[in-house]
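In the block that follows, a single chain appears as structure tokens, in the form predicted on its own.
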Amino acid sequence: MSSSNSVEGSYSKRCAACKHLRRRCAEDCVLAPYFPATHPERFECVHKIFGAGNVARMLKAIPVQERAQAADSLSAEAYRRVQDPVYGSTGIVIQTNQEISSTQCELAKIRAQISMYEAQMATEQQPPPPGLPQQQGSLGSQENMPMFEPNDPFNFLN
């Protein structure tokens, strides 16, 4: 009677790997700590990409203290590979690098605009040289502001 209870007990506490593979979960199952029955989709992705035997072999070859991190890494890579069969996790890295590059270009343009506006404001705040007539109207109006000053260091047209 006690042996049937232990079989039923181990049967009801199978890990996601053993449930997916429809086998009994041994007490020393290497996959049980990393693929609990509460997250079956995690093992399904790993099994689909790497195979249960390969995952078990990889985890056995790794020191016990590093297995959890390795299982997390395998799970993340498998999930991304299922989502994007061509690029997998690399697709996210490529997309992130493109976003970083685009943002850096945008930042460089904005910094150039700021320095151009600061230089323009600095020239407007200086008193005009003697002999030049002062401009009439508001300082900030578009009609009275030339796009580029002739002696502007940021004027690349000269």
Partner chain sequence: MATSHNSSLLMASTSSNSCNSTITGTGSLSGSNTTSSPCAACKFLRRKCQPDCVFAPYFPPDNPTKFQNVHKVFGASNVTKLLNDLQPYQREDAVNSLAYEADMRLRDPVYGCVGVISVLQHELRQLQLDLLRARAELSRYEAAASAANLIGNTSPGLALHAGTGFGHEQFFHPQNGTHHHAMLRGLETGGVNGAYNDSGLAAAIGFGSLASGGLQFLKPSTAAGGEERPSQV
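Quick caveat, the model's predicted, so the values are computed rather than measured. Residue numbers count along the first chain shown, from 1. Heads up, when I say rigid core I mean the largest set of C-alphas that superpose within 1.5 Å between the two forms.
Keep in mind that the form predicted in complex with its partner chain is not shown, yet the notes after this line are about it.
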Check whether Q98 has any heavy atom within 4.5 Å of a heavy atom of its partner chain in the model of the complex, and answer yes or no.
yes
Give a yes or no for P127: in the model of the complex, does one of its heavy atoms lie within 4.5 Å of a heavy atom belonging to its partner chain?
no
Verify the contact flag for Q69: yes if a non-hydrogen atom of it lies within 4.5 Å of a non-hydrogen atom of its partner chain in the model of the complex, no if not.
yes
When the contact criterion is heavy atoms within 4.5 Å, does E106 count as touching its partner chain in the model of the complex?
yes
With its partner chain taken in the model of the complex, which residues across 37-72 come within 4.5 angstroms through any non-hydrogen atom?
H47, K48, I49, F50, G51, N54, R57, M58, I62, E66, Q69, A70, D72
Rigid core fit then E99 CA moved by 2 Å or more between the shown form and the other one:
yes
